[in-house]
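Two forms, one protein chain; structure tokens for each follow separately as structure 1 and structure 2.
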Structure 1
């Protein structure tokens, strides 16, 4: 007997749901709920984390992210314009910079800026090791965002540029008032993705060490794990990271849907 296509689809979906339910049930039955509660949901530890987890750790995480993003996008704009320059030397320099910093792990750049630069040049960046780490994030994120901005600038129709020049605008004014606003609108979703990545990359700053009032979420969680000998701080900072990043991911999805509707 040959089953109808709709029947086969229902049987397939039912089988997949049954397998998923069996896996979830197996995990629940195998989990040691007492151990999980004692190690991740200790009430006394959660009380001790409040309010510093928000007023210090989360605030510093957002502050470091916004600073690195603002610096990175300014650097990216310069690099993108250099890469689109008619001068070959400028294009080479921008390409070399972008390829260099995109090829290095952000952690290596942070350690180099925080520890290598003071040793090699006797110069301590503003803000000490944290300032050096933020500069490293600016250098790395600028390399990634430069390619995003360059793609956005090139996506603006050439007719826009020609129309502005026909109105008597010079090249700089055309770029600032006509091309860049349209390019930024095009690349807002990928730039927002870069912002989300920076939120998570601030956790790398924990490697250079910091004072109590400088801790971001990951350092705060590590310190809590050591102080209370309990994993509750790690679960707490994970939830705060999600509170910060999920609205941003939803914003990206909204912007992408709006762009898709506008392009139809």
Structure 2
């Protein structure tokens, strides 16, 4: 039996839709709705979480992320310029730093900053355990972002540099006013990635100890989990994480579209 090509296409599409519908149906039917609502949608527990989930937990998550991100970018800028330096020792130092901190799990660096450094040197980093943890996140994210920034700087066409120099600008002035503004536009998307990774990495800070007013979203959710013997707080913080990270990605998508229009 031969079928018309359009019929064959419809058959194929229909089958694909049917498979998708069946999978969704299967998941919905197989789920134990009573268990889900008892464990994740407990109304009393949800009410107990408000307003601390926003006023303390989400606020701290954003605060830790923004601090670590800002510190990380400054550090990354220094490292990226060192990597592009004509002095070999500078390049070598920056490379060693980047390889070292990219190779270690953030959790390990956090523990070393908060617990290892005081043990070894008798010096407690400012801000207690949380301050030490944020310093650790700056050290780690700086290493990642340094490579991103370096790639961005190198992606600016050489002619820009030559043109600026031929106008009589010195090297530093060229970098700050001509190269970096263009590089920043190039690296915005990968930097957003780093930002969102940092949002989630702030949950690692709990390992070195937190006071009640220092909790971020994940610890807040875990505290709720044990206090109310119910998993609803986990679903609640999952939603708040998405509320924080999805607008960030949308903002970048918007910036990218603008940038594409501008470069046309």
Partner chain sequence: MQNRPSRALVAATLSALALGMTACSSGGSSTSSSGNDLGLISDGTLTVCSDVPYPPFEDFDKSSDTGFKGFDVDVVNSIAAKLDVKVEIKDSSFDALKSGLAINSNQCDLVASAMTITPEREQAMGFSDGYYDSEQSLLVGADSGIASISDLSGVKVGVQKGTTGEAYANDHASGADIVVFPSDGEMYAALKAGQVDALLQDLPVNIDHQNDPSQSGAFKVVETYDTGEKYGFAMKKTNTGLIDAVDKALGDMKSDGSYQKIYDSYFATAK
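Only the largest set of C-alpha atoms that superpose within 1.5 Å between the two forms is called the rigid core. All values reported here derive from a predicted model rather than from experimental measurement. Numbering follows the first chain given and starts at 1.
Could you point me to the form predicted alone, 1 or 2?
It is the first structure (the form predicted alone) rather than the second.
Core superposed first: is there a CA shift of 2 Å or greater at residue 22 between structure 1 and structure 2?
Moves: yes, 2 Å or greater.
Honestly, after the rigid core fit, is residue 244 moving at least 2 Å at Cα between structure 1 and structure 2?
Result for residue 244: no, shift under 2 Å.
Could the core-superposed CA displacement of residue 9 between structure 1 and structure 2 be given in angstrom, to one decimal?
Here residue 9 registers a C-alpha shift of 4.0 Å.
Provide the displacement, in Å, of the CA of residue 253 between structure 1 and structure 2, taking the core as the superposition reference.
Residue 253 is displaced by 3.4 Å at its C-alpha.
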